[in-house]
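Two forms, one protein chain; structure tokens for each follow separately as structure 1 and structure 2.
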Structure 1
Amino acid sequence: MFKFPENLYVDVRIEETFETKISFKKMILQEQKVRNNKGAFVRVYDGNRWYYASTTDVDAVQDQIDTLAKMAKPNPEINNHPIVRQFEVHKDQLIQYKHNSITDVPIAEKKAMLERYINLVNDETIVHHTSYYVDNKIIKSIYSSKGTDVTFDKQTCGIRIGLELSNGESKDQTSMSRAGCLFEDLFELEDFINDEIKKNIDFVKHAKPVEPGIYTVLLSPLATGVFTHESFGHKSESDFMVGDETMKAEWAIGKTVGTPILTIIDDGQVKGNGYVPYDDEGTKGKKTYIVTDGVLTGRLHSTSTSALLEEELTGNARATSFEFEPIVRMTTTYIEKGHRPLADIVAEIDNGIYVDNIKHGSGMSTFTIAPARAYKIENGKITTPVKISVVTGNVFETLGEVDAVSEEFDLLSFVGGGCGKMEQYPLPVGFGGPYTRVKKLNVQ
């Protein structure tokens, strides 16, 4: 397809995207648009440095290759370079959504579905609400001078409803979201939305400020996912370790980092927000055991970090769009499910906190989660709602305090937000897991 210059490594990533966004404030339509975009990212490597270009003129990709090649210094040994040797070579056509594409659903049908769900938001406690439907389909092709030639598609769609609630002096803001790979995945969400509305109204009416202190904390699958992503996922992105001997020593493979019941996985093969059948360097998506039975057994890599740290590729080189270079990013990251029923785990807690829903999270060595809904656990039962500003802890200490994970398990996809790193935001990721009990966490 392209004429690659000799004595240089070259790869090309072409992306064709389709996006829909429909938004409302209360019942008033604010935005309804469909956008198509196409572009390419080109890289040339001579063994000393990378040369990049991005363009929306995909017919000019060969010109971009030739221009970048003139800047580089030809290297007859380029194919023996450790980084170039590490690149996988695949030939594949993985088109999965030809007959059930979101592009074939009329925009009127998407709008009607969203309006149907908005009509469920009708309680006087809800003083304002916003909502939107979004979808995204991408067809991606990756070619390289080593012989890679892969094309695949992926798509997601979802709804998000944001609520502002008021009950006297008590006010709250929260949201609910669901996403899937098919438009049909968004059918029959009435029970979910009604249940979320009921819980949020009850919370704003009855929640009392928590008494700050150290508690046993039970995390829902959503809270577990955010905890895993923020507390450990980013630390496993290996570009943080390149050239940093302190980090490499702190996160040495084989080190015990958690209790034996703790296994943490990043899996690009899981359908949903974090689905990466091939990453943006053409590496096949993989299931990576970051922590196995409490022991650090892996980390996430691009081709460059894999070569520099002399570890196996994991398929985690990702970019938010064709405008950016791929960097090390998570896909779908989660704690593996356990073997204990949730009811038994709750029954063992005399005085604790259950974090049901969250607003946001952040962290590296120390992580912070801001709950949206939380409840007291008293004498083995989830009881009254409590207002919590943050739940926070040291990563290593917290992983060592995990003493139960449930057999109940859920992986989640959402619309809105995403993962940010450097200038690349938002990147869709998946997360979730079991209900996770932490013996000691700081609750404020």
Structure 2
Amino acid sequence: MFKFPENLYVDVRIEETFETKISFKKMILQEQKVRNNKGAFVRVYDGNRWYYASTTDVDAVQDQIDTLAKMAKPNPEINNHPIVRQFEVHKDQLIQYKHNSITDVPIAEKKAMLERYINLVNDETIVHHTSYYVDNKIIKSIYSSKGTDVTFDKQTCGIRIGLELSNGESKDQTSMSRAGCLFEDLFELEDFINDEIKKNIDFVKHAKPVEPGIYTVLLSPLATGVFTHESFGHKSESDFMVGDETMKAEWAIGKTVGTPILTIIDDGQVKGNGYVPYDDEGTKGKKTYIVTDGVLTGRLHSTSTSALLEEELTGNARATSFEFEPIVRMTTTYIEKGHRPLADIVAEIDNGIYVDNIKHGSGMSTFTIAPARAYKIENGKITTPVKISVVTGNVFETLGEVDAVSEEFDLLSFVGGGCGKMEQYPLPVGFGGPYTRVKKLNVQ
């Protein structure tokens, strides 16, 4: 298909995307559009430096390869380079959504479904609402000078409803979202939406400012997902470790980083936002145990980091779109479920906080979770709603503070937002987990 220059490693990723967006403000249609786009990302490696190009002119990919090749220095030993040797080579046509493609669902059906859900938003406390349906189908083809020739498809669709609430001087802005791989996954969300509306109205009517301090915090599966992603997930991305002896020592495999009840997994094979049948270098998606029973047992890799750190490939090289190079990113990251009922875990908390829903999180040395909806826990019961700016913890200490995980477990996918790493945002990721209790977190 392409003429790859000799003595260089080359790969090409071509992305063909189909996207739908339907949006409403209250009951008035704001936008309804379908996008069909195509773009390509080309990489050339000479053993010393990478050369990248992204283009919207897919017919000119060969020209891009030739241009980049001229910038590189041919290296007769390129195929023996540790990074080049590390690349998996696959030949595969993995088209899974031929017969249940979101592209085949008439746009009128998508719009009608969203309208049915918007009709549920009907309370005087909700003074404004915005809603949208989005879907995304992508067909990726990856070719390399080592012989990779892989084409696969993946798709997601979802709804998001943003609520603006007012009860006198008390205001709130919040949202609810659900996503899946098939259009049918979005059916029968009435109970979820009604329940969220009810909780949010109660919250704006009754929430009081929290008394700042250190609390035992119980995290919902959603909050656990964000906690896992921010508190530890980013630290397992091994590009932060390359060439850095302190990080290698701090995060050495075999080190105890959490309590024995804690197992953290990143799994690119889970269908949903983080689904990666092949990553953006053509490596097969894999299930990686990052932490097993509190002990560090793995980390996430691109081909480059896996070669440099001499560890196995994990299929975590991902790019937000054809405009960017793949870097080490999470897929679906979660804490494995425990063996204790939620009710027992709550009953043991005398004075704590339950984080039910979140707005965002961040994952530096001090990680953060900004709750959208939280409650006091008093004498073993979830009680009064409380307004919290941010919950923070230290990444080096917090996993050692996890003292209970529930048998109840949920993996979640959403639309809107995503994971950001440097310039690449938003990348769809999956997360979730059990209800998780952390003995000490800073609540402000």
Partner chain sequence: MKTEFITIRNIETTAKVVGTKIDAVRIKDIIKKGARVYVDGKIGVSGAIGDIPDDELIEKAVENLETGIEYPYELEKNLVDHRNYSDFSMSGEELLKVTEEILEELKTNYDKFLFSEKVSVKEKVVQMRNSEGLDLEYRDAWFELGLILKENSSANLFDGFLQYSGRSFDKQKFWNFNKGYLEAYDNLLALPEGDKLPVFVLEAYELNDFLNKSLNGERYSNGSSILSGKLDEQLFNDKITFGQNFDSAVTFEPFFDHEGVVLKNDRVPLIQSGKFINVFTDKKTASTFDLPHTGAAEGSYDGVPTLTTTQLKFETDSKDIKSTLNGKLAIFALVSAGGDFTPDGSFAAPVQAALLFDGEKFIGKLPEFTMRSNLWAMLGEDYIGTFDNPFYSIENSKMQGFYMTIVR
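Quick caveat: nothing in here was measured; it's all calculated off a predicted structure. So that the term is clear: the rigid core is the largest set of C-alpha atoms that superpose within 1.5 Å between two forms. Reference numbering: structure 1, starting with residue 1.
Form predicted together with the partner chain - structure 1 or 2: Pick structure 2 here.
Look at T56 and decide if its Cα position differs by 2 Å or more between the two structures after superposing on the rigid core. Yes: T56 shifts by at least 2 Å between the two structures.
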